[in-house]
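Below you will find one chain, with nothing else, as structure tokens; this is the form predicted on its own, and questions on how it binds or moves follow later.
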Amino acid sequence: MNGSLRATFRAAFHRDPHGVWAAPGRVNLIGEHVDYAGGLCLPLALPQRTVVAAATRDDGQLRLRSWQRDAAPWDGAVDTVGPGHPSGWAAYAAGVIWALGAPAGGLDLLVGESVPPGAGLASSAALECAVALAVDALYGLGLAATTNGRAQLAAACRRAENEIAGAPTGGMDQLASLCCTPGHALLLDCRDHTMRQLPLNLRAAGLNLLVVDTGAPHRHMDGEYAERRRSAELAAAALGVPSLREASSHRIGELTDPVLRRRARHVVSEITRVQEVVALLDAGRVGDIGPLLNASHASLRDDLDVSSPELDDVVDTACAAGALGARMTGGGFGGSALILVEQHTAATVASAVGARKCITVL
């Protein structure tokens, strides 16, 4: 793949790239829609990744290209990048360069293989992180060599997504892409950004995790994601706490607005579910987390209203076919679901939900 990417780079820019970098997508085991409320998440990296080839320039220009057919090329000066400019996919790449201090020399960059867009698997974060790794290496920032440095890169990527692309995401995706390690889930505390790697050897436990793309693209830019984040902030303010991480379940009833009450109930209960999953993983009881996955999906569906008919159908069908648990993953409104199965039932469950929708098996 790298050979064809380099050849395409040469065709696009009439020179060789200075290197190739990659960053994975993520699936979140549990802990959805809580990163922006100071909560706990348990993401793990996917084998799917976004790959970029890049080379430095000395004239302050950016030239961005992509293999994706609907991704229009973008050319512009580094110092013109700012909130709202450029738009589209280029905002995620150019925004990272801007957030990392806009190296004056500029960059030629080609995006090759990518995490499936619209599937709720953090394709935008994978793009941002691959670009960040390229800039880090090409301009000698030295951040990728340490965990703390990678956290700084992730923060720059989140800033790019929030301020340049205008997507108010909470930062879990970028930290997962840059900091997850193979065979582990990353326990991420979004209040203080501390991290702990939790061993997650599913196959040794006789289990598989199926990631199923419903085919219904998820979209955040219509304001739905931003509304959920704003609801969490309003609920915290009404309860007099810095974030819903500091709110206890018995205080949720104090919220008089029924919508805010449901939104807050999801966040507070989801954080508790993450803690319970962590306790089970620490005890070597990964096979017992299924009911918590089911409860997470029900909360996302009923209290947060971020599921979709396609996601509900996959979850219900999987559970009826013998899955231990299932839930939507990602921001919602379409995208992907994850399904925990015993290995001997994996084929049966995959067949029930549509085997071709299973984009990976962990």
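What you are looking at is a predicted structure, and each value in this text was computed from that prediction instead of being measured. The first residue of the shown sequence is 1; numbering continues from there.
Omitted here: the form predicted together with a small molecule. The next part is about that form.
- Listed stretches are 65-73, 50-58, 308-316, 325-333; the contact stretch with the small molecule in the predicted complex is 325-333, by a heavy atom cutoff of 4.5 Å.
- The closest heavy atom approach of Thr214 to the small molecule in the predicted complex falls outside 4.5 Å.
- The small molecule in the predicted complex is approached by Gly31, whose closest heavy atom lies within 4.5 angstroms of it.
- Using a 4.5 angstroms limit between non-hydrogen atoms, Pro86 is distant from the small molecule in the predicted complex.
- In the predicted complex, at least one heavy atom of Met172 sits within 4.5 Å of a heavy atom of the small molecule.
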